[in-house]
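There is one chain below, alone, in C-alpha cells, taken in the form predicted on its own.
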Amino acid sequence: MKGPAMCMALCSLLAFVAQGTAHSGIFPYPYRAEVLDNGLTVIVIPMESPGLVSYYTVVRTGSRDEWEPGHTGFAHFFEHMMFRGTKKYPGSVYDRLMTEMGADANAYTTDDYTCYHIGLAKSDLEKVMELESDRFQNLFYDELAFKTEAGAVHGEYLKSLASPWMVLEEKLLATAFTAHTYRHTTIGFREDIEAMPTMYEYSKSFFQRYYRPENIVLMIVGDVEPDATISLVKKYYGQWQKGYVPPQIAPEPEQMGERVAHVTYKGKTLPILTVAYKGLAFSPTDVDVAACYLLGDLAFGQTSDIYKKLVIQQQRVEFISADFSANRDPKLFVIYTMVKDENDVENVRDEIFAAIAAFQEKAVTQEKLDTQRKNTMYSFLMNLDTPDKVAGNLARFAAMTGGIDCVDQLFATFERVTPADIQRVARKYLVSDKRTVVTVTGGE
C-alpha cells in the first residue's frame, strides 16, 4: 500500500483509536480468541484489507528451549525442515501450490519462538489452512533429507560469521550467561551445528515435544469472518493430539560482578562497543518492565542527550541505540554503538556510563516522559495498517504470553510509570555488578 491509500488507512486507524471503540484498550481492532480442546490458541483479527489475509503460526519454542547439552540449534533447524513437507504434500508440491496461489510463505526463528507466516488471498484461506495443518501434524523427512538440511544450516552458520555482529552476539551471550540457555545464539553453538547430521533420532524427539497444539498460537488477520474462520480451524486442526513437554531450563545465577570481553573480527570493521545489563522477564503488568522499555528510549533513543552529542554534534560514533525489551526469561538490556576511532572506545564507554548515571541521579521531567510515552504508543499504532504488520507486531507478544491481551495491559502499565519509576529502575538494574561489556575490533 503506497501514497494516498496508505495515508487514508493510517488516518482511519488513528481516528478509530481517537474515537474509542467497544474495545477499551489501545489495540484498535476487535478480535476473537479461542482455545481448542487440544490446547491450540486461535486468534482471528478482522480488519479492512479487501481480499488480503495474513496467516501466522507462532511456535512458542525458540533457542531458549534448547536446554539439552550438545543439542543447540534445533529450533532454527526446524524453520528449515518444515518446508520439506509431508507424504501428502511433499516440499516441492507445497512450494508449487503456494506459487500457484500467489501466496508468500516464509519463516524466522528467535530466542523465544519460531514463526511461520504467509500472505495470501482470502479465496485461498481454506487451502492454505489445509496445507499448514498438514505439515505441522505430519511433517515427514528421512535421514538423508535430515543430513542435507543440517548441512545447509552449517553453511548458513559459516556465512553468518562474515558479519562482525554475529561474532559480537556470540561473545556477548557466552560472557553474560553461565547456565541459562540464552548463553547461545539462535543458530546454536558451532560444535553442535557441526555434529547435527548425527542427530536424526533426536530431531524427531524435538519435533514431537515442541510442535504440539498447546505450544502454538495461530493468528489469522485481515479480510476474514471470525465464526467461519474458527470453524475451518477446528476442521483442520481439531484432530491434532496434545503432547507438549516443557523444557527444563536452568535459571541463570545472579551476576555478582562486571564481566568484560573482547573479540577480534577477522575482517574489517569499525570498533563495536556493547554495554549490557541483566534484564527482566516479560510481564505486561510489571511497572519495572514498562519503565525499562521507556528508559531505554529516553536514555539512548534519537532524542536523547547522548545521541545528540555523540552522533550529531561530535560525530564520534556511527550510531547509538538500545534494546531494553523483555524476554520470556530475564535476558539483557543492551546498548550498542559503533565507534569511528578505535582510540575513542573507552571514552565512548564512559559516555554511556555517564548517561546512565544522569538518569540515576536525577528524575526525568514529566514532560519528557509523557512525550516518550506518546511516541511509543504512536510508533506501535502506525505499524498496524496492514494484516502482515498487525500479525508481525503481535507475534512476539503471543509467543511470550500465549495471547495478545498483554498488549493493552502493557500500554496501560506505561501510563502508570512516573519519573520516579524511571530513576528507580535505572538505579536498580543498570548497575556495574550486573554489567557485561564486550568490544569487537577488526583484524588485519
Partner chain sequence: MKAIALPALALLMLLVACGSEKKLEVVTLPVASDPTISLRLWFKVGSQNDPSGKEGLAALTAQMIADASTKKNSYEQILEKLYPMAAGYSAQVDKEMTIIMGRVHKDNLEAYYKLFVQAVLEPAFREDDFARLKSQQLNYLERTLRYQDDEELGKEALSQFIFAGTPYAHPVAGLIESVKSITLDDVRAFYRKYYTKDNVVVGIGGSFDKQFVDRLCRDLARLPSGVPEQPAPPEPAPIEGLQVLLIEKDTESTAISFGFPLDIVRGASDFHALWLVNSWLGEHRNSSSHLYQVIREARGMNYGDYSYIEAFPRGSRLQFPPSNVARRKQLFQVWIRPVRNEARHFALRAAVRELQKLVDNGLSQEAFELTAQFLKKYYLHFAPTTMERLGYALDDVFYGLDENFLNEFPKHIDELTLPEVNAAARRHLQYQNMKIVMVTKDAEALKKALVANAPSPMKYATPKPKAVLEEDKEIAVYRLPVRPENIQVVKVEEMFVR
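For clarity, every value in this text was computed on a predicted model and none was experimentally measured. Residue numbers count along the first chain shown, from 1.
Heads up, the form predicted together with its partner chain isn't pictured, but that's what we're talking about next.
- Note on the partner interface in the predicted bound form: the residue among Pro330, Gly188, Pro164, Pro226 having a heavy atom within 4.5 angstroms of its partner chain is Pro164.
- In summary, among the residues Thr148, Ser231, Ser205, Asn347, the only one with a non-hydrogen atom within 4.5 Å of its partner chain in the predicted bound form is Thr148.
- Residue contact check for Leu144: one or more of its heavy atoms lie within 4.5 Å of its partner chain in the predicted bound form.
- Residue contact with its partner chain in the predicted bound form: Pro284 places no heavy atom within 4.5 Å of it.
- At the 4.5 Å threshold, heavy atoms of Gln372 reach its partner chain in the predicted bound form.
- Within 4.5 Å of some heavy atom of its partner chain in the predicted bound form lies at least one heavy atom of Thr386.
- Of the candidate stretches 57-65, 43-51, 409-417, 394-402, only 43-51 has residues with heavy atoms within 4.5 Å of its partner chain in the predicted bound form.
- Taking its partner chain as positioned in the predicted bound form, the residues of 243-273 that bring a heavy atom within 4.5 Å of it are, in sequence order, Tyr265, Lys266, Gly267, Lys268, Thr269, Leu270.
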